[in-house]
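In structure tokens, the next block holds one chain alone, the form predicted alone.
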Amino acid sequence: MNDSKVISEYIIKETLKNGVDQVDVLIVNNTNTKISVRLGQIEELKQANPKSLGIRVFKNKRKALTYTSDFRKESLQKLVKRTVEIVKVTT
């Protein structure tokens, strides 16, 4: 899964289907660049595009938060399940 809107809609649908009262989804996609210059020449050039996703759910005035950087569908399914399980036992 790559499209942020599709991922968010999927997570919202799945968590609500599992009986939570409310859900928030946060997806962050950054671009980080590091350039080192020595004596006027580029010595090092690095670029990274880290992505992360957070789920916050509420049920009966309880809250659970989970986080991942793995956007595979199987991983997102497990994350939704784990988040719903956590909110059931949180005080």
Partner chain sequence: MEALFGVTKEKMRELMSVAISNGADHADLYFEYKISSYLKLEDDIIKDVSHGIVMGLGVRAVKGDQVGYAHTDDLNFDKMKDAAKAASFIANNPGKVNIAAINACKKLDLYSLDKLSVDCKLDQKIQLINQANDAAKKYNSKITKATVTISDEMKQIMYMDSEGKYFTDVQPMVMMRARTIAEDGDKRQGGYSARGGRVGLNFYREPDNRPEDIGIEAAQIAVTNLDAVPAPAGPQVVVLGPSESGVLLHEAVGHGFEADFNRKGLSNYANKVGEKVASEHCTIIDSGTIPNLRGSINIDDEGNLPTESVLIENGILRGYMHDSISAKVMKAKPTGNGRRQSYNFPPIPRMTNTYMRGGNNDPEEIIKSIKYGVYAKRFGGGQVDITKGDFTFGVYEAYLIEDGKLTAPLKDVALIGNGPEVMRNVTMVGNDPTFSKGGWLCGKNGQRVQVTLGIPTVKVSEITVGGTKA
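Here, rigid core means the biggest group of C-alpha atoms that superpose within 1.5 Å across both forms. Residue numbers count along the first chain shown, from 1. As the structure is a prediction and not an experimental result, all values here were calculated from the model.
From this point on, the text means the form predicted together with its partner chain, which you will not see here.
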> Taking heavy atoms and a 4.5 Å cut-off, does Arg82 contact its partner chain in the predicted bound form?
Replying inline: yes
> Just to confirm, Ile27 within 4.5 Å of its partner chain in the predicted bound form by heavy atoms?
Replying inline: no
>> Can you tell me whether Thr90 touches its partner chain? I mean in the predicted bound form, with a 4.5 angstroms heavy atom cut-off.
In response: yes
> Heavy atom to heavy atom, is Ile7 within 4.5 Å of its partner chain in the predicted bound form?
Replying inline: no
>> Pick out the residues of 30-58 whose heavy atoms come within 4.5 Å of its partner chain in the predicted bound form.
In response: Gln41, Ile42, Leu45, Lys46, Gln47, Ala48, Asn49, Pro50, Lys51
> Does Val28 move its CA by 2 angstroms or more between this form and the one not shown when the core is aligned?
Replying inline: no
>> With both forms fitted on the core, check whether the Cα of Lys46 differs by 2 Å or more between this form and the one not shown.
In response: yes
